[in-house]
Ligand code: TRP
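Single chain ahead, written as structure tokens, the form predicted alone.
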Amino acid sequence: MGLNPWSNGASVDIDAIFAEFGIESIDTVSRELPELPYFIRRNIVVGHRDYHLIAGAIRDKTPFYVLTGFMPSGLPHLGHLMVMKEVVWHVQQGGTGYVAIADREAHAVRGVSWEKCREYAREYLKCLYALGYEGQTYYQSRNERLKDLAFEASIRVNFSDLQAIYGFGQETSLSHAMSIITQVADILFPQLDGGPAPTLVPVGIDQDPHLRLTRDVARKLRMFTVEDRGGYISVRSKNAPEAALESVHAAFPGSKKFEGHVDIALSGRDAVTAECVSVQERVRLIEIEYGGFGFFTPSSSYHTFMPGLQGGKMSSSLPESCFGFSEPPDAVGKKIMNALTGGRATLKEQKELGGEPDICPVFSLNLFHMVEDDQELEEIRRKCMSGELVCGRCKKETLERVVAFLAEFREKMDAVEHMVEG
């Protein structure tokens, strides 16, 4: 099953994608968090890879990063806010934030001029700061260390990889491939900048190809693998310098050194997980001493699509599917009042059978952003499903919330404009 990060389509079978690509349900780790954010409580964030590393860092107050990127191919809209809110929440939980402006991708894939990229990027950054973001931001095109890391990552990727993951063909430009490698470097950059630590990348499910590629590259950039072999832990070289392997041997008294690997006896099977982690961390430090990266394989979380007002994916290239933060209230009102709903064909059927909020773009506005109180949201759902709340009235009430939200959010964006660099 293919996933295209640049498509405007939102029709994906999440269960099938999770099964095919090994993504786990967020329910397997959500209980490890000290508190649940609303985007998990409301089943907006539904899947993850290795989120237990992030939950553990939050719980134990140890370092971790949270990173995302935005392609400035148009003005930001409501569909971009979810990932921004996820980043802000994780920063508030103790994470160090990084946000990349993917201007190289916008220029290569969408043909957006560099000047327009900067113009759009300023609006994205204003949105982030208005939501309370604290952390680093950078443009791909201006980050020389990122470019060096992208070059190093590119050594571990060939065109058959890109063809298998993205469906690239002979018509694909080299700049498109370069933008992909730059995104790989984006995901790994926090660890290059601040030292190895667990890193979360919150994304929509359509962005998973980038995570799969980056996780593979991160593993290939390591000097060693650490494996539980039953009665012992084996540290195996991946073209590591011989001196580094000797240092691993010296770091674990009683270990046995062979050609290409060092085997370390376990003190007890009950402690195997803790011992593996301890060995992994010591080996990581040795790797860094010898010029390696020591990267943690990045973690990811996956949120569902916020549907466009006319169905499908909310996208700036489909103006009727969304609204921006500077659109006048009458234009926003027209879009909402003309939006598709989960209502029935007739008013009589609506009152008899009730609506279907889970497939309704208008209800999704409330679910994702417009109603903060869970009980209030559940009451809207109940009234819809019982037929008590009809679509026309629901649209009007939702529009009132949207207009109030936009007015407040614009004020916040104006107040933080000074924080955005040119």
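None of the values given here were measured: they were computed from a predicted structure. Numbers for residues come from their place in the sequence shown, where the first is 1.
Unshown form predicted together with the ligand; subsequent notes refer to it.
Only one of 60-68, 368-376, 41-49, 24-32 places residue heavy atoms within 4.5 angstroms of the ligand in the predicted complex, namely 60-68. Each of Ala102, Gln140 and Gln183 comes within 4.5 Å of the ligand in the predicted complex, counting any heavy atom. Contact annotation for Ser237: none of its heavy atoms lies within 4.5 Å of the ligand in the predicted complex. When contacts are judged by a 4.5 Å heavy atom cut-off, His210 counts as touching the ligand in the predicted complex.
Using a 4.5 Å cutoff between non-hydrogen atoms, Ile187 counts as a contact of the ligand in the predicted complex. Heavy atoms of Val201 reach within 4.5 Å of the ligand in the predicted complex, making it an interface residue. Taking a 4.5 Å heavy atom cutoff to the ligand in the predicted complex, none of the residues in 365-391 make contact.
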